[in-house]
Every structure is written in structure tokens, then in C-alpha cells.
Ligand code: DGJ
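First, one chain by itself: the form predicted alone, in C-alpha cells.
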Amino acid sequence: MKSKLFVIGIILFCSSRVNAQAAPDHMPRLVKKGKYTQLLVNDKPYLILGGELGNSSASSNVYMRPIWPRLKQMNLNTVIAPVYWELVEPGEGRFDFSLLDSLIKNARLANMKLVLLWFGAWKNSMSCYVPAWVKTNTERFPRILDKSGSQQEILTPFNKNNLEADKHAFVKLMHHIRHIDSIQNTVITIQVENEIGMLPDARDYDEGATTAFSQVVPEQLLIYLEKNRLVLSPEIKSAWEANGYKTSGNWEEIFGKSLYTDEIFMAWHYATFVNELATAGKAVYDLPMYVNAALNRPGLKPGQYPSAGPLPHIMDVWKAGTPSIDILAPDFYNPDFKHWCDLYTRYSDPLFIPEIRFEKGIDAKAFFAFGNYNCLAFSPFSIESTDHPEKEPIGKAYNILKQVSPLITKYQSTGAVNGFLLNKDSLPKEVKMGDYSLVVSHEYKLGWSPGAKNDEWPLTGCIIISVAPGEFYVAGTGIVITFASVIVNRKAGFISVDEGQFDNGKWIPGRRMNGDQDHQGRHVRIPCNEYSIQHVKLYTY
């Protein structure tokens, strides 16, 4: 009997080893489809309808307990949660992953995925999440020095001890995720560090930094610049061009003497630090990894904002220095949402929004992001802070987006998906889709709603998906769309407009939107503060 149990045990052990080894073939990954990037989860395209927890929420299982139902009520499919170095490795070489285990367990119970934020060496520029044994030993783990020679609460990237300690903890994290999650794939992406940035000066002035600044610019960066000369960001190209496109020399010889050169220099060393972590982590468990940026504000000089992170004007430096990082991502607390989205996607890079201010209008921005860009993720910050999750507009938008996600990922690579964002000052926006010209306007432009008389109009948005000639799905809030034929001497009319929903991918028609609802065949309308999907079929006459 014992021999039989032993044989069965060996078979089960071997089977588990085979499954564990097979799992990486089906683990979350990024794939290119034409000029579009898709995140595959369980071998299917996946759009992250997420919410990022407040910085301290995931540090307590008790605190998190009532939060999970709130997240469910807002229709999230993914939670973005910190993992804290100070709690993971409270003593050097002594690791505690109980908080992470609880996150993974509860995400599975809620049928959600996780994106993990590694709060390691840097979080919002500062080194506030490093363990006490790192904080209190500044000789072994030195800080940056500002121009006056004063230490700052920021680990210097020019010290090997800082790198190795951070990397050791990060690798242990990746080992643990692989050990407990390589079959179920609850964790789908990793953020390496958080909002890296240099303060209060544009660069570090410690001994290691000063030595590195006088040395030649690394060949790896120069090769990248030469290879991508025609598509470099205007800022990098102009600095390099102004100094004669030199292919050898120190930082000031290549880019000139300026605060901008200081920022480029720091960006390179932050980037290569991060790349070492990502490379070591992926060698253990090859999840997609990204780095996020705190966006700079207009008119401020490097050092006055958190400088040298993966910002648009120095993105080329980060791309050159981080071949193991898959995505450079913006955190949105600035106005002009479209401007920054355009900058992050100008070279066909995917848009990944791990953090955006939880405020009015994010529902409209979510429709616009997924419809107008190759957006993989959208995530309001401190998502648990609401007292009425069932009433949150982002939850209503996510309910709609969850239903149309399969259509977005199916048709976006063919150019058949468009997104729109509208405010009071927006002019009607026109787009050609197949044989039809569509004009999209803010719903208040009709003048029917009492709210149209208000000084402030709600931000509204929608996604339009063309699934066949003359056939569209419209999803969003607060919009009006008219249709015209682009064929000479032909007009467009509605065969039908049906409001409905998708149930497990199957379209279930509800109301037939005719009469007052489509203004007797003149337009498709979704009123402000309402959220719906409408299936539109057209004909010409």
C-alpha cells in the first residue's frame, strides 16, 4: 500500500511540475497585431478596467476587507495594488509575503486580476518605502546629494549596494508570484518602482554621479539615437543636433551644458537601474512590466518637477535604457488629457493609464481612451475612497466597456473603432467610417436638456465600432451622432436603432429607439448621465 501511495505521489508531483512549466506558455503577455499592441490574459485580449488603491490601503488585510465589495460594485475587472519593500523584507534577507497572498486570494474570490506596483527604491521620487535597515544605514545605502551637498531622502542610483538590495527583493517577489500564481495568472502585470523623479535639482551631485557625468555617454544610448534619428522626440533631437550629432563624448559634449542635459543624464541612470531589476525579475517570471511617470507641469524647469522619469520629452532615453520594460506609462493629474495621450502614443506605443485622478469626467475619458487610442488600461487612483460605489459614473462606464471590450479588441486593428471626448467648447467632430460620415456632438448641443443652460457642462464621451458595412455599435454617455452617406446623391437613413446589452458576448436587443428617441430618424442619442449601448443599422436612398 505504501509503495502505491509513493508512486501516486511521484505522479502527482511530476504532473504539477509539468503544469508549472507549461504555464508560462499561457501566462499574461503582450503581442503586436499590426501597429496595435494587445495584452493577452488566459490567451484572450484583455482591457484593464481598473482602479488603483490608495497608497496605504493594501498594507492591512483588515482595512482591505470591506473594500473588495466596493470594487465589485464598480465593475472593475482589475485592481492595481502596491507591494511595499519595507513590509516584504522587514529584516535583511527575511521575507514576508502574507499581504500579497491575501491580495491574490481576495482578487480570485472577486473574479478580478491584479496589477502589482513595486514600491521599492523610489516612490514619487522619494525613498520612503525602503526598509528600516536600508534607511538607517546611509553609509552602505547612500542618498543623492543636492547641489549644496545636502543629503535627500532619495537613494542614489549610482551605488551598487542600492541596486543589489532592491533587485534582490524584487527577484524574491517574482519567485513568490511564480510559485503561487503561475497556473491561475491572477497577477497580470508589474510596475517597477513608482513615479521616479529627481528633486530638488535636475541631477545628483554625489561622488558616483559626478564621476559618471564626466564620463563618455554609453554606446548603447548613442547607437539608439543614431538608429532612430528620424523619429526622435523633438527635444532630444534638437539638443543632439545643436551639438553636431556627435557620436562620442561626455554628456555635455553630446547634449550641451544645460539643466536639460542634467535631466537626460539622470534619466539614463534611472532607466538602467530599473532595467536591471526588470531583467532579473523576468528571468524568474516573465510578466509584462511597465514604468510610470508623474507628468511635468508647463513652465517648470528640471528639478522643479520630478525630473528624469519616463516623460515624453526624454522617452527616447528610457527606451534606449530599458529594453526589458514593455511600456512607459503616464499618471494623469494634469489638464489636457488628449495632449498627453497623443504624446505617449505618437510612435504607435500602447497607452497604459495606471493612475488618473478620481474626479468628474473620468467615465468620459475612459470611453475616449479605449476608443481613440490603443489603450490597454485605465485606472482611477484611490478607487476605494467613494462612499457610494454603486452610484459612481466610472462603474457605470465600466459596465458598458466590459460588454464591448471583445468588439474593441476584435476591430481596433482594422481602424474600425473610434472614440470621442466632448465638453461645452467642443466643436462637432466628424469621422468617416466605411461609406458613412459621422458627426459627433455633445448631447447638450441639442438644447433640449435643462442642463444645457448651465455654465458648466459635464464631460461626455463615446466609442463607435463599425462591425459591418452600415452597421455600428455606439457606447457611451452624453452624445448625439448624425450619419450621412459619402456616396454622391445618396442619403443615409436608419433601418433600426436598438438599445440593448451583451450577455456572454451575445447581443440582446432591448428598446427599439425610434420616434422621440432618435428624433424621427435624425440622430442617435445617449443623454447626459445615462449610459447605454445602441446597435445601429443604416441604409442609403
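Position 1 is the first residue in the sequence shown; the rest follow in order. Note that the structure is a prediction, hence the values are computed from the model and not measured.
There is also a form predicted together with the ligand; it is not shown, and the following applies to it.
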Practice item. May I ask you to check whether Asn124 falls inside a 4.5 Å heavy atom distance of the ligand in the predicted bound form? Key: yes
Check your understanding: Though only this chain appears here, would Phe381 touch the ligand in the predicted bound form if you measure heavy atom gaps against 4.5 Å?
Key -> yes
Exercise for review: Indicate whether the ligand has at least one heavy atom within 4.5 Å of a heavy atom of Asp204 in the predicted bound form.
Suggested key: no
Practice item. Would you check, heavy atoms only and a 4.5 Å threshold, whether Glu89 touches the ligand in the predicted bound form? Key: no
Check your understanding: With the ligand left out of view, which of Thr322, Gln412, Asn292, Asn162 would have a heavy atom within 4.5 Å of it in the predicted bound form?
Key -> Asn292
Study note, to complete from the structure: Contact with the ligand in the predicted bound form, heavy atom within 4.5 Å, among Tyr347, Tyr333, Phe95, Tyr245 goes to Tyr333
Exercise for review: Select, from the options 455 to 463, 358 to 366, 163 to 171, 188 to 196, the stretch whose residues sit within 4.5 angstroms of the ligand in the predicted bound form by heavy atom distance.
Suggested key: 188 to 196
**Study point:** Those residues of 81 to 101 which, in the predicted bound form, come within 4.5 Å of the ligand by heavy atom
**Key:** none
